[in-house]
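In structure tokens, the next block holds one chain alone, the form predicted alone.
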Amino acid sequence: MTPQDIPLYEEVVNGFNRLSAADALGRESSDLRKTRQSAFERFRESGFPTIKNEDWKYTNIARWLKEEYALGGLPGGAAAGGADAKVMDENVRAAAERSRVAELDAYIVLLVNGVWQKDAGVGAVAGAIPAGVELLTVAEARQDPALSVYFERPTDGKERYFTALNTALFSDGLFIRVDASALPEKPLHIIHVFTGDRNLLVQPRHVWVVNRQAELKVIESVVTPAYAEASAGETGDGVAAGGNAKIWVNSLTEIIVHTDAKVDHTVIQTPGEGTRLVQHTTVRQKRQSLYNNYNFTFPGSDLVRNDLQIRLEEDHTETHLYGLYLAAGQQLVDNHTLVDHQKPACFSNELYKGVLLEQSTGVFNGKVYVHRDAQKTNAFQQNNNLVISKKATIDSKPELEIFADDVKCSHGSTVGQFSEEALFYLRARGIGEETAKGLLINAFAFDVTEKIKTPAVEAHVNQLINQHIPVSHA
């Protein structure tokens, strides 16, 4: 499929031309405008990825690119959010409310199609921001010369495809800055709701800056109004996000963790059918910083592609990555991770687990890269998969690329089905077959869920696991 055969490609080109001619772009710094132009040229060279590209060889998105999409948040395009788009209708509000974590005392931040709804009034503490934490819209931050620098450099020198597209065309998102030594008492719960009355490409851009000796806990929930109906227990008939509309989300987040800072980052992805989610996150860690990531993907959306890149840029940094993906129907869930050890005496640990149901497809591609200067590196990576259905597939590709000689690194991957011995043991004690299989699935996921340090979030994730593993699937 050539770019000329993709309706979205032409819409993107026209959208960039509209953005370049808009007055809003004129208020940006010249460096940011150059960054946009450079990224757009890279996108024009690379186009959308195909299975001929190594990083996308197991993830064929051609069938979704045949559809037409409007660009959200650009001049002359569809609205990305705000009162004029009627984003706070009852369905959106219901999706936001139901995505809240029971018993979690948190600051609620609601974004609709990437736009912060400051006065949304979701939850009792909506709009309250902890001391030492500054929140801005990206639309505001990119107009500030002191903050614009965070958007003027590419997140990855080799960025192509969707990351280049986001860099060229982003319009809004959330900017978080945590002051040095700030220790917020409560986490931020960021609820991303995506919806539209027509097919829409939404491209939010987020930047988090956590300064020296500060801490930040964030729970991100990605939902659609269709998810609200499902979680309410209604039968439904697979209504796509925002009615019959298809939502393509191309999200880009950059997190900078400064010296001695700590970030706990949990992502819970439950968007409904008709949603295509491509989420790229780059984390840059400084000396003696700690970053913990917990990523959970559940059935619903057509496509989920998580690109998580961790760059350990200074010595004595520590990173933990935990992921659990449950896929059903014809869903495609792709997790790509890169842990880039650049300096000595750093530690990284990665554990991803997948449960594949029905005709779903799972992809895991994890890479640990150890530079020549990164002596005394400890790096571990493991991917385990439970394939329930004969029609489900998993492609697992853990990788190590090591150029230092004084390191301790290992990786592994397993693919299996239910243990007949374990099933027999449970059934011999009077437990029904379907219940026994459900118990084994929960036990399989436990190694990941037990790592969550907030009990309310752990309970919420376990509830979602039980909700999305019905007897019919087992």
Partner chain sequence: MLIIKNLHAGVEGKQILKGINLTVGAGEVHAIMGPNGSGKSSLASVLAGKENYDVTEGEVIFQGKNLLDMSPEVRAREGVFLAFQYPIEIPGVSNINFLKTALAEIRTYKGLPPLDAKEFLRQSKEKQKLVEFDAKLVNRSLNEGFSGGEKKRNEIFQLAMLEPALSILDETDSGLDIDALRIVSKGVNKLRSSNNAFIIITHYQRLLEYIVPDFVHVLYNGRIVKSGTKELALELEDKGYDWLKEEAHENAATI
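None of these values were measured; they are calculated from a predicted model. Positions refer to the first chain, counted from 1.
Keep in mind that the form predicted together with its partner chain is not shown, yet the notes after this line are about it.
Not displayed here, its partner chain is approached by residue 421 to within 4.5 Å at the level of heavy atoms in the predicted bound form. Taking the partner from elsewhere, residue 446 is found to have a heavy atom lying within 4.5 Å of its partner chain in the predicted bound form.
Using a 4.5 angstroms limit between non-hydrogen atoms, residue 62 is distant from its partner chain in the predicted bound form.
Proximity of residue 440 to its partner chain in the predicted bound form: non-hydrogen atoms within 4.5 Å are present. Taking a 4.5 Å heavy atom cutoff to its partner chain in the predicted bound form, the contact residue among 409, 415, 51, 431 is 431. Shown without its partner, this chain lists 44, 427, 57, 66 as candidates; in the predicted bound form, only 427 has a non-hydrogen atom within 4.5 angstroms of its partner chain.
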